[in-house]
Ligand SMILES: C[S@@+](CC[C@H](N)C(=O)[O-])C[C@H]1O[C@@H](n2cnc3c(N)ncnc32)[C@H](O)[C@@H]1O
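A single chain, nothing else alongside it, follows as structure tokens in the form predicted on its own.
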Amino acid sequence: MNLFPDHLDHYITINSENEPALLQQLSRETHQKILQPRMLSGHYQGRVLSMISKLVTPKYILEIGTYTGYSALCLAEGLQKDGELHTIDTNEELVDFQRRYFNESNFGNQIHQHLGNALELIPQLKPNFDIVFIDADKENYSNYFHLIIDRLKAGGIILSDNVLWSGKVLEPLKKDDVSTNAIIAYNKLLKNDDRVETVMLPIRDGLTISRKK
């Protein structure tokens, strides 16, 4: 989903930071070889993620939903030299693809892949996090929030992707549309939970930034 006309979206992109060469290559290969390439964060959103990470300068990042590793590499750009990024996904077929690009980057030793159910894996991770990026199964967004909020440092950031869900959040709601129902409930949770302050940005399919008070 794109909220801006193509010509305006192009203008925004070309007047933002350039996409690094490795991420250009990753994007091309994802579109050529991997199913559902629209799941990729892409140039503009990737630069937004990178900028936020550089502003926060996190020591520990948690990413829920790796896909082909594009967003992980963007977020890793702001890591402290001794920092770590932990990324979780359920797709075993993409593990080697992700690792190849991670190893080609400057952050290969700092990025730790975890394969399996995030709800089970997150409690096993030791660090408390400075940034959490949620971009996985929409049905569990609220569950992820409740699981990580006490593991997020004061002043830490939660980034939530797809919060506009192709505009379905404004359409008449269907009872059997589990994902849309879940996103709507999650958006209300972020708005009403006193532990965070939240702003929703009209970037691609909607990106919310929530800061822990």
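So that there is no doubt, residue numbering starts at 1 and follows the sequence shown. What you see is a predicted model; the values in this text were computed from it and never measured.
This next part talks about the form predicted in complex with the ligand, which is not shown.
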item: Distance check, Asp137 to the ligand in the predicted bound form, heavy atom within 4.5 Å; value: yes
item: Proximity of Asp130 to the ligand in the predicted bound form, heavy atoms at 4.5 Å; value: no
item: Asn103 within 4.5 Å of the ligand in the predicted bound form, heavy atoms; value: no
item: is_contact(Ser160, the ligand) in the predicted bound form, heavy atom dist at most 4.5 Å; value: no
item: The ligand in the predicted bound form: contacting segment from 52 to 60, 65 to 73, 146 to 154, 180 to 188, heavy atom within 4.5 Å; value: 65 to 73
item: Every residue of Leu164, Thr198 and Leu207 near the ligand in the predicted bound form, heavy atom within 4.5 Å; value: no
item: Any residue of 28 to 61 that, in the predicted bound form, places a heavy atom within 4.5 Å of the ligand; value: Met39, Leu40, Ser41
